[in-house]
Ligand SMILES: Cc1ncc(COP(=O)(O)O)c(C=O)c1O
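Okay, here we've got a single chain as structure tokens, the form predicted alone, with questions on binding and movement later.
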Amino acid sequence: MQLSDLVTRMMNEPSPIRQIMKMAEKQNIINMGLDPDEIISYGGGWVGHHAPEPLRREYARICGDVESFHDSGKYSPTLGFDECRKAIAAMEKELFGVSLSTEHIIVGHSSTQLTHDLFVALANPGDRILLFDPTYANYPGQIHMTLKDARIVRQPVLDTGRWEYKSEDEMAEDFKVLHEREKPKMTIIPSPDNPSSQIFGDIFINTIADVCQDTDTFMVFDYAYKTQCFINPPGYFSWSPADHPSMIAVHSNSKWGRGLGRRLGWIDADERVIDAMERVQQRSILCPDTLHQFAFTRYIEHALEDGSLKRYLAEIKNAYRKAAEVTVKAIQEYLHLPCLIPQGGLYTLMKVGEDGDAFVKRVLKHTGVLFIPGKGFGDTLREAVRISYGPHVENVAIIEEGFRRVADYLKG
């Protein structure tokens, strides 16, 4: 039985995301002779806080009422229900000052699915896509699956000598030169970033916007961690597609709402892009999930009205800021290795000064502490690891314990 050439090639070159997930699997831990209950993992790209209780109650209300549950089984419009899109627009206005109409919004299954469909809607086989280095490890696989012979262009943004991001002016000049030479169809901008938890500043993003506007190309913002911004939010967080037609913003409630398994995402973009996405989504998922939209819509409507959404998001953001501070302090105190100061999100990057794969395997075997090798996120991280404090946000004491174990092993 012969599989497609594309899938066969991808199976022979497993994605970094899949490798990350497999490394943390219970059976893999047992195969290494370790006790899964003793493992401290900094590998997960997931959040450990609890979802808003009023959101849980909305699910309970729907599932507890026969007719409401029956109604949640109907088809949704491909774009999503108008009520859901209106709630999203109201939320973006309240939280970030973004002016949106429902014509600018499409609801999907998840940010991952929406990004996949975006590549189908906007680019052609052979087009160039600009990614930063480092950046989210899932983008390259999605690009190669959707766009035959697509070329990924990388712009390094991390100075590996100083172990900090380059200056905005330097990144802006690099971008202009690279864009002129390679002419990418789109640029993908996660902010806050995964894996670095850095947030690009307005000078750099304004340069990208000007270039994309002049060349009629796209800039795609991945806002998975937008509500977990620890610094003063940059100005572009309030941009709308009405003012920036080349801009597309991909959102999800996975991280802030702890909806990792209750998949729901949305995009805001120019109406032409939304119309294109509707055509693609009709052939990929047909329509977004009705139950999730019902619960999410009612929760957002009520939480905006009584102010509880802002309070909840502030509490969650502060919890992750504290976890980030504990993580950086532990690295500095126990390991004395360079790491990035998180500006948002769930991660930091630590420079280990040797092959990241070898370091991770050696440390896991001898300490039961799991990091993630950096190279899957870009060549700049070959001698680095990604560290996630996200799973431990409600138990930050375990963060320090893990670094103490590693320090004891490395000293020995």
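This is a predicted model, so every value here is computed, not measured. Note that residue numbering follows the sequence shown and begins at 1.
Omitted here: the form predicted together with this ligand. The next part is about that form.
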Interface residue in the predicted bound form among Tyr136, Phe218, Phe296, Phe237, criterion: non-hydrogen atom within 4.5 angstroms of this ligand: Tyr136
Proximity to this ligand in the predicted bound form, single hit among Ser246, Gln281, Thr327, Asn194 (heavy atom within 4.5 Å): Asn194
Any chance Arg263 has a heavy atom within 4.5 Å of this ligand in the predicted bound form? yes
Though only this chain appears here, would Lys226 touch this ligand in the predicted bound form if you measure heavy atom gaps against 4.5 Å? no
Gln198: heavy atom within 4.5 Å of this ligand in the predicted bound form? no
Contact with this ligand in the predicted bound form for Asn206, defined as at least one heavy atom pair within 4.5 Å: yes or no? no
Quick one: Ser76, Thr102 and Pro288 and this ligand in the predicted bound form, is every residue within 4.5 Å by at least one heavy atom? no
Only one of 150-158, 252-260, 334-342, 228-236 has residues with a heavy atom within 4.5 Å of this ligand in the predicted bound form, and that stretch is 252-260
Need the contact residues for 108-146: heavy atom within 4.5 Å of this ligand in the predicted bound form, sequence order, or none if there are none. Ser110, Ser111, Thr112, Tyr136, Tyr139
